[in-house]
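Only one chain is given next, in structure tokens, and it is the form predicted on its own.
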């Protein structure tokens, strides 16, 4: 695992975008899997600007890390985020858009469908954010490192983060999520984790200085030579070194 320390959110967003841009520019048929939420908003802005200025994504496949269970048009869905912050803002569309369907009543069939897509479209880069309890995707503490795509139950801290991010009530907040497992996350050619803010500082400390354990899902990245973690000063504020 390579750790890159940067000054602030903007520098983190730009450096993360540059790594994704390099994949798009150098791979013949790039496959980019994105996450959503507060952390990647700046990266998405850079991506939109560059595409509209000529970055060629005509042969790129876009995939997703996870999806909340709920109506497709709900404010919190990954699908909604992707369209409002990327697809609806760019003139040139990617070759393929493969998102999960969180509105399904048959989660097992949806998991089977998406696993087949993962096999047919190996990811060149997987973008990640870090939960305050060190979760990746919806892999909450205690999730075994060899877990593959599954229907996850959110911990309360994750539900509260979703409520804050999207301005919704506890009753409106989703409690389940389709997610790639930790095994699948680690299998991308490059795994890119972005972390910003003092509210993530304890999770960063656990990731970098704590034990490698399912109790800290993100600690799996310490065993991944293909992992790059970009951390800003606030998020690194509790580190001993």
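Computed from a predicted model, the values in this text were never measured in an experiment. Residue numbers count along the first chain shown, from 1.
The discussion below concerns the form predicted together with 2-phosphoglycolic acid, not included here.
> Would you point out which of 94 to 102, 144 to 152, 125 to 133, 108 to 116 contains residues with a non-hydrogen atom within 4.5 Å of 2-phosphoglycolic acid in the predicted bound form?
Within 4.5 Å of the partner lies stretch 125 to 133.
> Do residue 60 and 2-phosphoglycolic acid share at least one heavy atom pair within 4.5 Å in the predicted bound form?
The answer is no: residue 60 has no heavy atom within 4.5 Å of 2-phosphoglycolic acid.
> Would you classify residue 39 as touching 2-phosphoglycolic acid in the predicted bound form, given a 4.5 Å non-hydrogen atom cut-off?
Close contact exists here: in the predicted bound form, residue 39 approaches 2-phosphoglycolic acid to within 4.5 Å, heavy atoms only.
> Looking at 2-phosphoglycolic acid in the predicted bound form, which residues in 155 to 188 have at least one heavy atom within 4.5 Å of it?
Sequence-ordered list has one entry, 165.
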